[in-house]
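Included below are structure tokens for two forms of one protein chain, each presented in isolation as structure 1 and structure 2.
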Structure 1
Amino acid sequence: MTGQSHRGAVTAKNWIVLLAIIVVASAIGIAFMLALRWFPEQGSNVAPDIDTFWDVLVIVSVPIFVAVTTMLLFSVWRWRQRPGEEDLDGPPIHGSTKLEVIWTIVPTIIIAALTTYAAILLVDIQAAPAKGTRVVNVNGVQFAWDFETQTPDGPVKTAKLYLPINEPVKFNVRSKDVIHDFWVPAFRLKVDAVPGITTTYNLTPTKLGTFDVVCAELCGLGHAYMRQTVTVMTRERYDAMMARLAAPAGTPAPATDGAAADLGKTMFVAGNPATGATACGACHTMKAAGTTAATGPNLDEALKTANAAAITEMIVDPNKQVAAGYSKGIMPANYATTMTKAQLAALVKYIDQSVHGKG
């Protein structure tokens, strides 16, 4: 017959010490978690509400985590097996119905309250947009974003997104191939781009500046490079930008922000100065341009035997012929729509001359 090991009841002093540890540790934990900079700067009207909800979750979750962890460690310490007790049984115990009811009801109430809070917030965020709200169609394709903004003069297509500050906008989000996820961290909201359907959300940009646009859904080998930017500007600058982008396709785009006179080189190393198409040098090595990226082939090697026509085809239809060791879908396939003919010709000429030592 085995003996019994018993540590005695937990005393009031034990409970006071445990409660003090939980309170102090929770206070420190909450202060630390709230002090951390979890998110980028707030850039939309819904961002403060979402950040507040996050703070509420932290304030509720930290004490629960601390309490559970403290009681677990205390139990391990107090009722641990000690030398000479290897063959002893613990004392017979009977479950506490009252305790079980409490630890079932309390978490249920907490979860119900947080769920209600989240539902109210979500309904508020998804409220129907006001009449006259600006509409932007967002299209995802492996591995790039393009945008179509509805203006009084008709739709304007761009590779970068431009928005006026303090004016509501509705995003219609679509995918041309697989599931993507349209996310601007500064705006806080994100939504899946699903083939065959249109998803939406509404918000109002509230901060001037340029913010990241990323894909938050694993969509293939080039997922990490499916990035773009949204620039929030004053209404005057926005109107001027839209007028410039709405110019006929053959109209050369004026150089901006100190763009180099050589349009081809500027586009290779910095992207399309008019619509923001991804810079070639962000993914490719080319000695003449001083770029060393390795996401795509080294152009000095890959284009040794390619003429201007072949280079053009590789830019506008990158999946038709893929270099050995690389996969289809890594290079964006939308350059034909984000560059004018003149810009494409300048880029091709620059690459051709650089690779073959011409000019």
Structure 2
Amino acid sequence: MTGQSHRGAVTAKNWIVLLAIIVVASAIGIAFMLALRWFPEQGSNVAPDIDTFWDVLVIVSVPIFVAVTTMLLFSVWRWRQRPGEEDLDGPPIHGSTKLEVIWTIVPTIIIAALTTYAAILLVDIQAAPAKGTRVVNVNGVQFAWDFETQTPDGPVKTAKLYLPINEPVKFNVRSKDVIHDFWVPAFRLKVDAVPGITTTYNLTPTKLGTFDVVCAELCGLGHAYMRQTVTVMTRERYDAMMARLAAPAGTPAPATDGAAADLGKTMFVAGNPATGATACGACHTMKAAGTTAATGPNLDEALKTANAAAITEMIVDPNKQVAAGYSKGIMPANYATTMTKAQLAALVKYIDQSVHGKG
């Protein structure tokens, strides 16, 4: 048996209360959302525009969320089933063309307006860079970025990104293997690094300091280690830095044994940012170096019986023999080119001594 449950129409008083709730809750919601610090400091010329865009999205979407939630809760409360109404049915509804037109057109206008705003903003901040803009080639590879900057002394390859403040820069982003995504949160812009094509964006760093560079596309087991830094410096410091990095290789080899051990440890713990050699300690545990990472084998155990020659081979050609239980392709295979012979020798000597307790 069916019957009808009537609760009476929504009164003008109901509407006033509902509207008041929506207005007050929206105001509180917007104030709260705008007070939160969503982003890191603004490090580029485009950051303020993008943060403003975010604020606009917050201001538009909070009232919609609040209104929908309020009406939903009101309906659940108002038309809830009461004892004895288990077999009743609501009055039949035949739709309302007027309502349907409104709830199609209003969201369409809101979305179209926001999309237009976003498109104009994007075109605006990605206007073609002026001629002569500094170009940095950004290369993604599992699992590191390297940066190649043209300088008067030739190209300089670094694992840390260096930029002068208040000078526009264009990034040419490429990948050598899978899809990565070049992102400096403080700069706000990001773009995929796609094998086979070059993607770009340009901006002007506006804040001195060191900021994170991260990969924003899950690219394999070492994805989380794909974190480097960008240092924005004054033009004078930048020029001096580039001139130093562009100096021909073959920096004087350390003279004494003590210095060689220091160099070996430095290579292990810090790698060689200037050439893109990732620090071993980022992935390996080795007691003497004080590192505890577990992406690769614990070297104290893995190298118990290995001699210097074997260690050298495992470093320069890690895919020749992959350690049991680990995947191929995580350990960088570029150490033969990112380290000088002297650095490699010092590193191997340091590891050999460390794991065999001769340190």
Ligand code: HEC
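Structure 1's sequence is the ruler for residue numbers, which start at 1. In this text the structure is predicted, and so the values were computed from the model without any measurement. For clarity, a rigid core is taken as the largest C-alpha set superposing within 1.5 Å between two forms.
S.K.: Eyeball the pair and call it: which is the form predicted in complex with the named molecule?
M.R.: Structure 2 is the one predicted in complex with the named molecule.
S.K.: Superposing on the rigid core, does the Cα of Asn14 end up 2 Å or more away between structures 1 and 2?
M.R.: After core superposition, the displacement of the Asn14 C-alpha between structures 1 and 2 stays below 2 Å, so no.
S.K.: I want to check Ala282: does it shift between structures 1 and 2 by 2 Å or more at the Cα, with the core superposed?
M.R.: After core superposition, the displacement of the Ala282 C-alpha between structures 1 and 2 reaches the 2 Å mark, so yes.
S.K.: Could you check whether the CA atom of Thr312 moves 2 Å or more between structures 1 and 2, using the rigid core for the fit?
M.R.: Yes: Thr312 shifts by at least 2 Å between structures 1 and 2.
S.K.: Core-aligned, what does the C-alpha of Thr337 shift between structures 1 and 2, expressed in angstrom?
M.R.: In the core superposition between structures 1 and 2, the C-alpha of Thr337 moves 4.3 Å.
S.K.: Would you mind giving the Cα movement of Pro297 between structures 1 and 2 in Å, after fitting on the rigid core?
M.R.: Shift of Pro297 at C-alpha, rigid core superposed: 2.4 Å.
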